[in-house]
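Here you get one chain, nothing else, as structure tokens; it is the form predicted alone.
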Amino acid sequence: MTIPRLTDAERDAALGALSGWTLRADGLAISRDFRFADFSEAFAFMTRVALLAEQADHHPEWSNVYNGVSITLTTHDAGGLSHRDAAMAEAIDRLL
């Protein structure tokens, strides 16, 4: 099953509906940085995101340094952004 890549208009609409997410320079991914009080809060957030990712079978690219978590979303099978990335970003935002 091929996952369609968002058109430029669909991508722009999806990004406009998301708060704090930015488009990567190449237009193929969105990213957001999160800050928490300490490492424990950051790790707890990552655990909740991991559970969402497993349920959706759509896994982020991410990194963690102390109280910070950086997340990048892209759909490799689509060669860029898909509806799965927008849905994952929305689900992640609901965790906050």
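As the structure is a prediction and not an experimental result, all values here were calculated from the model. Residue positions are given as counts along the sequence shown, with the first one as 1.
The next section is about a form of this same protein that is not shown, the form predicted in complex with a further copy of the same chain.
For A50, a non-hydrogen atom is located within 4.5 Å of a further copy of the same chain in the predicted bound form, even though that partner is not displayed. In the predicted bound form, a further copy of the same chain sits within 4.5 Å of a heavy atom belonging to H59. Within this chain, N64 lines the site of a further copy of the same chain in the predicted bound form, having a heavy atom no more than 4.5 Å away.
Looking at E54, you'd find a heavy atom of it within 4.5 angstroms of a further copy of the same chain in the predicted bound form. Residues F39, F43 and M46 are all found to lie within 4.5 Å of a further copy of the same chain in the predicted bound form, as judged by heavy atom distances.
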